[in-house]
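Shown below, as C-alpha cells, is a lone chain in the form predicted on its own; questions about how it binds or moves come after it.
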C-alpha cells in the first residue's frame, strides 16, 4: 500500500494532507523519516506519525439499535446520524446494510465490507427481515386473509414496474402485524400497507436473517461476533 494512502486510512488526514505531512518529515517507517508518498508499506513495517504508531483499522461489522429521529445517511442533516452513535475509529467508513427511515426504530447493521453487505441485502440470498408494524386500522377476518394473500403473491407499488417479492404477514394483535420481507425497496413496508388501504403508525425492525436485537438497549451498539458475521 502507498504510504500516503496508509496515512489516510489510519489517521484523520486526507491524501493531500498526508503528502504535506510526509514532506514536513513527520512520518517515519521503521524509524527512518520517509518523504516519498509512493513508498510501499505493509504489515511488517512500523509506521509512525509524530512518533505515534499507526495501524490499519480492518473491516468492522456493527449492530445498532436505532432510535427514532436518527438517519441512516452519511451526510449531515437536521437529524443525528446512525454513525454518530458509534464510537469507533474511522466510523465514517461504515455504511448501513439496508437503511431505516428516520422515524423507524430497530436493528441496523453497518459495515465497511462491501461484499458482506451485498450478501445480506441481495434478494437472491433470501435474507428475511422481520418488522413489527403498528397499523392505523386493525386487520382481521376476510380483510386479513386478502392482505396475507396479496403480500404472499406480491404487491405492485406506486411507481414500480414489478411487484414486490413474496412477503409473510401475521397478526400479533388486531392492529399490530409481523411482516417478513426478503428485499428492501424504498419505504417498502409503508407503501405495501398503503397499497391495501392501511396506514403504518409505527415501524420497528426486529431482526435481519439470524440476527436479532436481543437485549441491546435503544441507542446502543455492539460489534458482531465472528460466528454472527459468518452466518451470512
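On a predicted model such as this, the values are computed, not experimentally measured, just so you know. Numbering follows the first chain given and starts at 1.
Below, we refer to the form predicted together with a small molecule, which is not included among the displayed structures.
This chain lacks the partner; the member of 127, 94, 155, 100 within 4.5 angstroms of the small molecule in the predicted complex by a non-hydrogen atom is 100.
Here is the short version: of 41, 169, 63, 203, the single residue with a heavy atom within 4.5 Å of the small molecule in the predicted complex is 203. A residue is said to contact a partner when one of its heavy atoms sits within 4.5 Å of a partner heavy atom; residue 188 meets this definition for the small molecule in the predicted complex.
At the 4.5 Å threshold, heavy atoms of residue 104 reach the small molecule in the predicted complex. Interface membership of residue 151, defined by any non-hydrogen atom within 4.5 Å of the small molecule in the predicted complex, is ruled out. Here the chain stands by itself, but in the predicted complex one stretch of 169 to 177, 189 to 197, 55 to 63, 27 to 35, 189 to 197, has heavy atoms within 4.5 Å of the small molecule.
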